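Read the single chain below, which is given as structure tokens and is the form predicted on its own.
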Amino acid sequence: MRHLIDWHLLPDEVWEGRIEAALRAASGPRMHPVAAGRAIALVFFNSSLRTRTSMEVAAVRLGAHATPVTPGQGTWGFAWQDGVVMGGSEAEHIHEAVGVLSRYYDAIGVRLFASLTDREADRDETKLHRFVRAADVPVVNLESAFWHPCQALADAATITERFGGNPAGKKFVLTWAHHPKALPQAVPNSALLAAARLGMQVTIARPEGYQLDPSVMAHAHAYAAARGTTIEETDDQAAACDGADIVYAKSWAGALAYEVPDAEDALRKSLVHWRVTPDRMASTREGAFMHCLPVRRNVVVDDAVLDSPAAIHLRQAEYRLYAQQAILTWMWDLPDAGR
């Protein structure tokens, strides 16, 4: 079965092929019904706008059916632990729930955010792997504790299109930004690896205390070394943006979120000046602004940036649809549009 947990677990030829497939879908026929008669269940333990709707529309364009499922809202609540005595509010175990969906559907998507309370469980993707083990059909990760492969593919295709098919050597800045609450690291992790795997020169701008996980950084450095590029880190956002070709803003929680949440909250609130402004963008090399959305205006980035020609976040969001098409055709081993 072709599970999609994250792209770094798959070879370059698969990753590169899916970028090409997403680019073809963007310019290909609106309908490409190679998946007629198939169906995918989309299980959301967390909120979604782009992932849910883009996957639903992608399935329709391929001739397939998609059913969103929100556990506990219109379904029973799910229990997770092996050996649990189910005398509480959860009426159904994940083993039976996923087992049933496997008998109705040809694939299952699942969204399971980080807990931000148990670092090892988040790093090990404990719940995601338990879900996959219970499935008898391919599973696609719709964002987990550490990874967002759907977003990563859309980001890579957007960047590739931006630079005429060759983003290698361009300067990619992943900048931390202020946010009212602690957020998971899945999107920055995936954006970092996508840029490094594209052969871009990557700079991570983040305050002290907001380093990404060492295991993720090791993957990024390995991609950069294989492509003759570098991964740099700085706590100077202004210097990082100087000469950038892409500025990708995203907030994420620091390690203190797991260790001393109140201290992380206080630190984050002291960093309101970490925001992408017109001055930051003016120092770029006619750079583009990217964000995965949803974005908090005038907190993460100024209106003047989002409403300027430099912002390509809506094209980036549009590529979520084409990325989902590319994922589904790969997962079901079907012909891509324009092949």
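Because the structure is a prediction, the values reported are computed rather than measured. All residue numbers are counted from 1 along the displayed sequence.
Beyond what is shown, the protein has a form predicted together with a small molecule; the following relates to that form.
- For the small molecule in the predicted bound form, the listed stretch (271-279, 57-65, 304-312, 290-298) containing residues with heavy atoms inside 4.5 Å is 290-298.
- Only one of 185, 237, 203, 151 comes within 4.5 Å of the small molecule in the predicted bound form through a heavy atom, and that residue is 151.
- At the 4.5 Å threshold, heavy atoms of residue 143 reach the small molecule in the predicted bound form.
- The closest non-hydrogen atom of residue 284 lies beyond 4.5 Å of the small molecule in the predicted bound form.
- Although the partner is absent here, residue 70 sits far enough away that none of its heavy atoms falls within 4.5 Å of the small molecule in the predicted bound form.
- Proximity of residue 32 to the small molecule in the predicted bound form: non-hydrogen atoms within 4.5 Å are absent; the residue sits far from the partner.
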